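Okay, so here's just one chain, in C-alpha coordinates, the form predicted on its own.
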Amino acid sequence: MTAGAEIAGLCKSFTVGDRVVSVLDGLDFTQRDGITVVLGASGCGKTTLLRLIARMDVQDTGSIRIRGTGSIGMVFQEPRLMPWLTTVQNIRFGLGRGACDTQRLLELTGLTGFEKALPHQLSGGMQHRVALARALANRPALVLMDEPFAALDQLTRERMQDQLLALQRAEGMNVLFVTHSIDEALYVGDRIVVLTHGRIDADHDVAHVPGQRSRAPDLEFTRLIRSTIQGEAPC
(Lines give C-alpha, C1' and ligand atoms only; values in the text may rest on other atoms or scores of the structure.)
Protein backbone atom coordinates (compact mmCIF):
# COMPACT_ATOMS: atom_id res chain seq x y z
CA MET A 1 0.00 0.00 0.00
CA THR A 2 1.40 3.43 -0.97
CA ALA A 3 -0.13 6.87 -0.52
CA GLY A 4 -3.59 7.25 0.93
CA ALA A 5 -5.69 8.30 3.89
CA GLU A 6 -6.12 6.47 7.17
CA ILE A 7 -9.04 7.76 9.24
CA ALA A 8 -10.08 6.70 12.74
CA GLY A 9 -13.05 7.82 14.82
CA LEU A 10 -13.61 10.94 12.70
CA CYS A 11 -16.40 13.22 13.95
CA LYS A 12 -17.50 16.60 12.63
CA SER A 13 -20.55 18.68 13.44
CA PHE A 14 -21.82 22.15 12.59
CA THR A 15 -24.02 24.55 14.50
CA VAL A 16 -27.08 25.58 12.48
CA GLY A 17 -29.12 28.18 14.30
CA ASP A 18 -29.70 26.82 17.79
CA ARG A 19 -28.98 23.17 17.01
CA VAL A 20 -25.92 21.04 16.40
CA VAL A 21 -25.93 18.94 13.22
CA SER A 22 -23.65 15.89 13.13
CA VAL A 23 -22.11 15.38 9.67
CA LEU A 24 -19.49 12.70 10.31
CA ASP A 25 -20.08 10.31 13.19
CA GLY A 26 -17.13 8.14 14.21
CA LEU A 27 -15.95 7.43 10.66
CA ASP A 28 -13.27 4.73 10.26
CA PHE A 29 -11.65 4.27 6.85
CA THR A 30 -8.38 3.08 5.34
CA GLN A 31 -7.78 3.86 1.69
CA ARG A 32 -6.32 1.27 -0.65
CA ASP A 33 -4.40 1.79 -3.89
CA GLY A 34 -6.23 2.90 -7.01
CA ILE A 35 -9.41 4.96 -7.27
CA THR A 36 -11.60 4.82 -4.19
CA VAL A 37 -15.06 6.32 -4.71
CA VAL A 38 -17.03 7.79 -1.82
CA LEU A 39 -20.66 7.56 -2.88
CA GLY A 40 -23.70 8.97 -1.18
CA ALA A 41 -26.66 11.31 -1.36
CA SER A 42 -26.33 15.06 -0.90
CA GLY A 43 -25.68 16.00 2.71
CA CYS A 44 -24.18 12.67 3.77
CA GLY A 45 -20.75 14.17 4.59
CA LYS A 46 -18.77 13.45 1.40
CA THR A 47 -17.44 16.97 0.83
CA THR A 48 -16.83 17.49 4.54
CA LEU A 49 -14.67 14.36 4.53
CA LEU A 50 -12.50 15.69 1.69
CA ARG A 51 -12.19 19.11 3.30
CA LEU A 52 -10.95 17.52 6.52
CA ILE A 53 -8.42 15.35 4.70
CA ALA A 54 -7.18 18.41 2.77
CA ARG A 55 -6.83 20.37 6.05
CA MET A 56 -9.35 22.93 4.82
CA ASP A 57 -11.33 22.34 8.01
CA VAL A 58 -10.69 20.75 11.42
CA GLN A 59 -12.45 17.70 12.83
CA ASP A 60 -14.07 17.68 16.26
CA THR A 61 -12.47 14.38 17.24
CA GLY A 62 -10.66 11.51 15.54
CA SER A 63 -7.47 11.29 13.51
CA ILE A 64 -6.43 11.62 9.87
CA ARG A 65 -3.09 10.26 8.67
CA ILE A 66 -1.79 10.53 5.12
CA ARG A 67 0.56 7.75 4.07
CA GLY A 68 3.40 8.66 1.76
CA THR A 69 5.27 11.89 1.25
CA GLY A 70 4.26 14.90 -0.79
CA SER A 71 1.34 17.25 -1.03
CA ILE A 72 -2.37 16.60 -1.45
CA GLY A 73 -3.93 17.53 -4.80
CA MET A 74 -7.52 18.78 -4.84
CA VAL A 75 -9.96 18.99 -7.76
CA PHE A 76 -13.24 20.79 -7.10
CA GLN A 77 -16.59 20.62 -8.86
CA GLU A 78 -15.73 23.88 -10.62
CA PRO A 79 -12.26 24.28 -12.25
CA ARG A 80 -11.46 27.41 -10.19
CA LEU A 81 -8.84 28.64 -12.66
CA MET A 82 -7.28 32.09 -12.46
CA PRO A 83 -8.99 33.92 -15.36
CA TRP A 84 -5.98 36.15 -16.07
CA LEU A 85 -3.53 33.23 -16.33
CA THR A 86 -2.83 31.02 -19.34
CA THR A 87 -3.16 27.24 -19.30
CA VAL A 88 0.51 26.76 -18.45
CA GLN A 89 0.46 29.48 -15.82
CA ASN A 90 -2.60 27.95 -14.16
CA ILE A 91 -0.95 24.53 -14.09
CA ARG A 92 2.25 25.97 -12.63
CA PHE A 93 0.41 28.10 -10.06
CA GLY A 94 1.79 27.30 -6.61
CA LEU A 95 4.36 24.77 -7.80
CA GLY A 96 7.07 23.73 -5.38
CA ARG A 97 10.24 21.70 -5.67
CA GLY A 98 9.95 18.28 -7.28
CA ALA A 99 7.07 19.32 -9.49
CA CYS A 100 6.07 17.37 -12.57
CA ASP A 101 7.25 18.36 -16.03
CA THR A 102 4.59 20.74 -17.35
CA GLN A 103 4.97 19.61 -20.96
CA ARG A 104 4.32 16.01 -19.95
CA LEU A 105 1.18 17.04 -18.08
CA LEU A 106 -0.02 18.95 -21.15
CA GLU A 107 0.47 15.81 -23.25
CA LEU A 108 -1.20 13.52 -20.70
CA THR A 109 -4.26 15.76 -20.42
CA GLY A 110 -4.58 16.50 -24.14
CA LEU A 111 -3.84 20.21 -23.76
CA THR A 112 -0.88 20.46 -26.14
CA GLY A 113 -1.42 23.48 -28.39
CA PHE A 114 -3.46 25.34 -25.79
CA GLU A 115 -0.55 26.40 -23.58
CA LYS A 116 -1.22 30.14 -24.02
CA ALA A 117 -5.02 29.99 -23.94
CA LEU A 118 -6.89 31.83 -21.22
CA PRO A 119 -9.68 29.97 -19.38
CA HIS A 120 -12.50 31.74 -21.25
CA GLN A 121 -10.99 30.46 -24.52
CA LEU A 122 -11.31 26.83 -23.39
CA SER A 123 -14.33 24.56 -23.34
CA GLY A 124 -15.71 23.35 -20.01
CA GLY A 125 -14.05 19.98 -20.45
CA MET A 126 -10.70 21.54 -21.24
CA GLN A 127 -10.92 23.80 -18.19
CA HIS A 128 -11.43 20.68 -16.06
CA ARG A 129 -8.35 19.14 -17.70
CA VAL A 130 -6.32 22.17 -16.68
CA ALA A 131 -7.63 21.84 -13.11
CA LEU A 132 -6.69 18.15 -13.09
CA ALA A 133 -3.20 18.89 -14.45
CA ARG A 134 -2.74 21.58 -11.80
CA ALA A 135 -3.70 19.10 -9.07
CA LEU A 136 -1.08 16.65 -10.34
CA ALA A 137 1.70 19.17 -10.90
CA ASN A 138 3.20 18.87 -7.42
CA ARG A 139 3.29 15.05 -7.59
CA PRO A 140 0.75 14.71 -4.76
CA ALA A 141 0.69 11.69 -2.50
CA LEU A 142 -3.08 11.72 -2.80
CA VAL A 143 -5.57 13.36 -5.18
CA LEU A 144 -8.96 14.37 -3.76
CA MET A 145 -11.77 14.92 -6.28
CA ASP A 146 -15.06 16.48 -5.18
CA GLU A 147 -17.69 15.68 -7.83
CA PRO A 148 -15.28 17.09 -10.43
CA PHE A 149 -17.38 16.28 -13.50
CA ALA A 150 -20.87 16.91 -12.14
CA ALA A 151 -21.35 20.22 -14.00
CA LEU A 152 -20.39 18.79 -17.41
CA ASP A 153 -22.69 17.46 -20.11
CA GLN A 154 -22.89 13.67 -20.38
CA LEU A 155 -20.52 13.24 -23.34
CA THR A 156 -17.86 15.53 -21.87
CA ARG A 157 -18.28 13.86 -18.49
CA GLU A 158 -17.60 10.44 -20.01
CA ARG A 159 -14.51 11.77 -21.79
CA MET A 160 -13.21 13.21 -18.52
CA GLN A 161 -13.82 9.92 -16.73
CA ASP A 162 -11.72 8.17 -19.38
CA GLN A 163 -9.07 10.89 -19.06
CA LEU A 164 -8.91 10.30 -15.32
CA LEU A 165 -8.51 6.54 -15.76
CA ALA A 166 -5.72 7.08 -18.31
CA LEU A 167 -3.92 9.47 -15.96
CA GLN A 168 -4.27 7.08 -13.05
CA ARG A 169 -2.69 4.31 -15.11
CA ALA A 170 0.10 6.57 -16.36
CA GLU A 171 0.94 8.19 -13.02
CA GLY A 172 0.02 5.38 -10.61
CA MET A 173 -1.65 7.94 -8.36
CA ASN A 174 -4.19 7.18 -5.66
CA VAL A 175 -7.49 9.01 -5.84
CA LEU A 176 -10.33 9.62 -3.42
CA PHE A 177 -13.25 10.49 -5.70
CA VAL A 178 -16.57 11.83 -4.40
CA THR A 179 -19.77 11.47 -6.41
CA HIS A 180 -23.49 10.96 -6.00
CA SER A 181 -23.74 9.10 -9.33
CA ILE A 182 -23.90 5.31 -9.03
CA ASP A 183 -23.03 4.86 -12.73
CA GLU A 184 -19.95 7.06 -12.39
CA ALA A 185 -18.87 5.25 -9.23
CA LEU A 186 -19.13 1.86 -10.92
CA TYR A 187 -17.19 3.02 -13.99
CA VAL A 188 -14.23 4.86 -12.43
CA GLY A 189 -13.96 3.14 -9.06
CA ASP A 190 -11.82 0.22 -8.00
CA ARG A 191 -13.61 0.39 -4.65
CA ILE A 192 -16.89 2.01 -3.67
CA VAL A 193 -17.49 3.21 -0.13
CA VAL A 194 -21.13 4.11 0.52
CA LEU A 195 -21.55 6.93 3.04
CA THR A 196 -24.89 7.53 4.79
CA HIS A 197 -25.55 9.73 7.82
CA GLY A 198 -21.82 10.25 8.36
CA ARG A 199 -20.95 6.56 8.55
CA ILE A 200 -19.81 3.90 6.08
CA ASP A 201 -22.78 1.65 5.38
CA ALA A 202 -21.18 -0.48 2.67
CA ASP A 203 -17.75 -1.13 1.17
CA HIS A 204 -17.54 -2.86 -2.24
CA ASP A 205 -14.61 -3.85 -4.44
CA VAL A 206 -15.44 -3.42 -8.12
CA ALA A 207 -14.34 -6.32 -10.33
CA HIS A 208 -13.23 -4.87 -13.66
CA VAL A 209 -11.94 -6.95 -16.55
CA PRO A 210 -8.21 -6.07 -16.74
CA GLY A 211 -7.72 -3.17 -19.14
CA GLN A 212 -11.43 -2.86 -19.77
CA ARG A 213 -14.30 -1.05 -18.08
CA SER A 214 -17.90 -1.21 -19.17
CA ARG A 215 -20.53 1.52 -19.16
CA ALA A 216 -23.26 -1.10 -19.39
CA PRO A 217 -25.25 -0.84 -16.14
CA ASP A 218 -24.70 -3.57 -13.56
CA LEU A 219 -28.33 -3.74 -12.46
CA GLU A 220 -27.75 -6.01 -9.46
CA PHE A 221 -24.87 -3.91 -8.13
CA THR A 222 -26.84 -0.71 -8.78
CA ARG A 223 -29.84 -2.07 -6.88
CA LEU A 224 -27.65 -3.11 -3.96
CA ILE A 225 -25.96 0.29 -3.67
CA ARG A 226 -29.19 2.22 -4.18
CA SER A 227 -30.87 0.25 -1.40
CA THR A 228 -27.97 1.08 0.92
CA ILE A 229 -28.10 4.81 0.15
CA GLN A 230 -31.87 4.89 0.62
CA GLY A 231 -31.63 2.95 3.86
CA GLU A 232 -33.68 0.03 2.60
CA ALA A 233 -32.82 -3.62 2.98
CA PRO A 234 -32.39 -5.29 -0.43
CA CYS A 235 -35.13 -7.80 -1.10
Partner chain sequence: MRRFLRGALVAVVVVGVWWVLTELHLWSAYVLPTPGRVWSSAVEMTMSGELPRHVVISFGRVLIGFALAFGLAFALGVVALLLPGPDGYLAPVLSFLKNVPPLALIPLLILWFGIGETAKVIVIVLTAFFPMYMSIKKGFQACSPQLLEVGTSLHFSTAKQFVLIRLPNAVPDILVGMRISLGFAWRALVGAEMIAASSGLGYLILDAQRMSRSDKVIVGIVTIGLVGILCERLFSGAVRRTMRWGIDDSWS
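Positions refer to the first chain, counted from 1. Not measured: the values here are computed from a predicted model.
Below: the form predicted in complex with its partner chain, not depicted.
Interface residue remark: residue 78 is counted as part of the site for its partner chain in the model of the complex, having a heavy atom within 4.5 Å. Although the partner is absent here, residue 54 is a contact residue: one of its heavy atoms lies within 4.5 angstroms of its partner chain in the model of the complex. Interface residue remark: residue 150 is not counted as part of the site for its partner chain in the model of the complex, having no heavy atom within 4.5 Å.
Taking non-hydrogen atoms only, residue 116 approaches its partner chain to within 4.5 angstroms in the model of the complex. When contacts are defined as a non-hydrogen atom within 4.5 Å, all of 74, 82 and 134 contact its partner chain in the model of the complex. You can rule out all but one of 54 to 62, 32 to 40, 170 to 178, 186 to 194: in the model of the complex, only 54 to 62 has residues with a heavy atom within 4.5 Å of its partner chain. Only one of 127, 163, 86, 156 lies close to its partner chain in the model of the complex, with a heavy atom inside 4.5 Å, and it is 86.
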